[in-house]
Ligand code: SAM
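Quick setup: one chain, the form predicted on its own, written in structure tokens, and binding and motion questions come after.
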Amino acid sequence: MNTDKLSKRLAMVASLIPYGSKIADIGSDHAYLPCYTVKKGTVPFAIAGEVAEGPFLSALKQVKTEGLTDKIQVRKGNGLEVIQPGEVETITIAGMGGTLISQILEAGKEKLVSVQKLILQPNVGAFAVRNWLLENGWELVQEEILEEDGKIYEILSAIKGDPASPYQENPEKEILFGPYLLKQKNTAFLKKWESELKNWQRILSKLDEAEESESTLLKKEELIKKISMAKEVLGK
């Protein structure tokens, strides 16, 4: 594939990378994002990290085909193992679950000392990423949400700063829905939470039929709280 054009999701990630920043794209798959940003001249140097053999070989092939082996290094390793402290200023992680993204950041924390920006695109569980950022001194500064091919994606951008500053009104609600996304409430946002609300209501009705135990009561309590917040956010 020619990387002159990216998917909407990856193009949004690319647009958040600071000009002139050296990047590491973790879970790079075919290295489309590093190839695109280097070719555009946004990024002078990139590392494409992959843990699985297949995608690692695909990334190597892509970089070679594009003639970018002098500017992009494809490295095999788990998460942030592929970078040395001080090598890059920006890290991108796209296309994984929020819990996995948090685990990758947690496991490689010592590699983040000189990193100035994190751009993270969880497929699900963005709240887990927000929680990790909040607990680890990273300030969420921008959020985007978009729909592509019937799927809805959230993209979070963070810098080192005051991690609590985006969560001033209702931290629990803001961590779940996104403090910046709550202000915009665009079409993709409304669609996502309409769907989540229906899903939670369906689960709650099943729990109502289940045998009562301590764990089902706790689950019901949590769902009722989430349903209430979603209804408030959606103006229901």
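Computed from a predicted structure; not experimentally measured. Quick note: we count residues from 1 along the sequence shown, nothing fancier.
The next section is about a form of this same protein that is not shown, the form predicted together with S-adenosylmethionine (SAM).
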Next on the checklist: Quick one: Pro55, Ala94 and Ile104 and S-adenosylmethionine (SAM) in the predicted bound form, is every residue within 4.5 Å by at least one heavy atom?
Outcome noted: yes
Item to check | Contact residue in the predicted bound form, chosen from Asp29, Glu66, Glu174, Glu196 - any heavy atom within 4.5 Å of S-adenosylmethionine (SAM) | outcome: Asp29
Item to check | Ala24: touches S-adenosylmethionine (SAM) in the predicted bound form, heavy atom cutoff 4.5 angstroms | outcome: no
Next on the checklist: If we define contact as a non-hydrogen atom of the residue within 4.5 angstroms of the partner, is Arg9 a contact of S-adenosylmethionine (SAM) in the predicted bound form?
Outcome noted: yes
Checklist entry - Just to confirm, Leu190 within 4.5 Å of S-adenosylmethionine (SAM) in the predicted bound form by heavy atoms? => result no
Next on the checklist: Residue-level question: is Leu100 within 4.5 Å of S-adenosylmethionine (SAM) in the predicted bound form, judged on heavy atoms?
Outcome noted: yes
Next on the checklist: For the interface check, one of 75-83, 124-132, 108-116, 154-162 should have non-hydrogen atoms within 4.5 Å of S-adenosylmethionine (SAM) in the predicted bound form; which one?
Outcome noted: 75-83
